[in-house]
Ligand code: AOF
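Given next, in structure tokens, is a single chain: the form predicted alone.
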């Protein structure tokens, strides 16, 4: 009996989820390059705004493998990679198919147009997970079809592609709010460090692209956090302490971060002034923010200990994606309304 693995589009989607929350203001995107026999040659993802798009990273790796030319892997700038591929491709991609979670971009912004690159490389078929909702970047499908490339929409992956794209769609219209917490297998969330080093690095990378971190007053007093992005040498973002009490020990590290605004308020109105918000909290914050949170991110560590647990027995989640993170289980979820 033949065992079939995940489809190229599923591989692209799963790969993109590894960078969900890290690409703001761009979407997380994945791309698989498949040969004439249906074998996946390479997979690429968009890792950070301003850096190469998923299609470029996937084609760069595919070129290195198909041409046995590792020199292309030394290139990191989008324009340089585009030019290298266009001038040296020698029609090696003609029989390849691209599976990309989002319509290839048509415009030249911080990076060149992926649709024009695909056209120049002579790729004959592209399978798209979701059309681009951004009018400034849309139009890639038209460019490809006009060049003779067959474009197919992967309708069977529509829900998963939409889940992946939800932050990008949302923050074009309103603030996007993610609620993050870490817990042990027994559900406890207190008593010292819980998640792995890799999980903490991931959270710091999310802080690096966040505009605002929201945290409860009791958590500030008990944990005395810094709430910076030092593990990724990232930027500083503002902090909103959600608390009825306004007096805090100003020697708590988060107050001593240069370039940061720290607000203390008994309401969450200030969130409206930001675009990408990360809430880090426990049960009380969870209850207080249900009506404004768009997605939930939970790190479950394979250990026990502590005493404080979530007690929200009536709430159910839909898991959007799960993966391992340094021994932890990392789950993206949305609350079932």
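What you see is a predicted model; the values in this text were computed from it and never measured. Positions refer to the first chain, counted from 1.
Here the subject shifts to the form predicted together with the named molecule, a form of this protein not shown in this document.
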- Query: Looking in the model of the complex, is the named molecule within 4.5 Å of a heavy atom from each of 180, 208 and 278?
  - Reply: no
- Item | Residue contact check: residue 117 to the named molecule in the model of the complex, 4.5 Å heavy atom | no
- Classify residue 243 as contacting or not contacting the named molecule in the model of the complex by the rule of any non-hydrogen atom within 4.5 angstroms, answering yes or no. no
- Please run the contact check for residue 200 against the named molecule in the model of the complex: heavy atoms, 4.5 angstroms, yes or no? no
- Message: Can you tell me if residue 127 lies within 4.5 angstroms of the named molecule in the model of the complex, counting non-hydrogen atoms only?
- Response: no
- Okay, which stretch from 281-289, 25-33, 294-302, 64-72 lines the named molecule in the model of the complex, with non-hydrogen atoms inside 4.5 Å? 25-33
- Query: Looking at 137, 151, 262, 252, which has any heavy atom no more than 4.5 Å from the named molecule in the model of the complex?
  - Reply: 137
- Task: Name the single residue among 234, 191, 109, 225 that comes within 4.5 Å of the named molecule in the model of the complex, judging by heavy atoms.
- Result: 109
- In sequence order, the residues of 52-73 that place a heavy atom within 4.5 Å of the named molecule in the model of the complex are 53, 54, 55
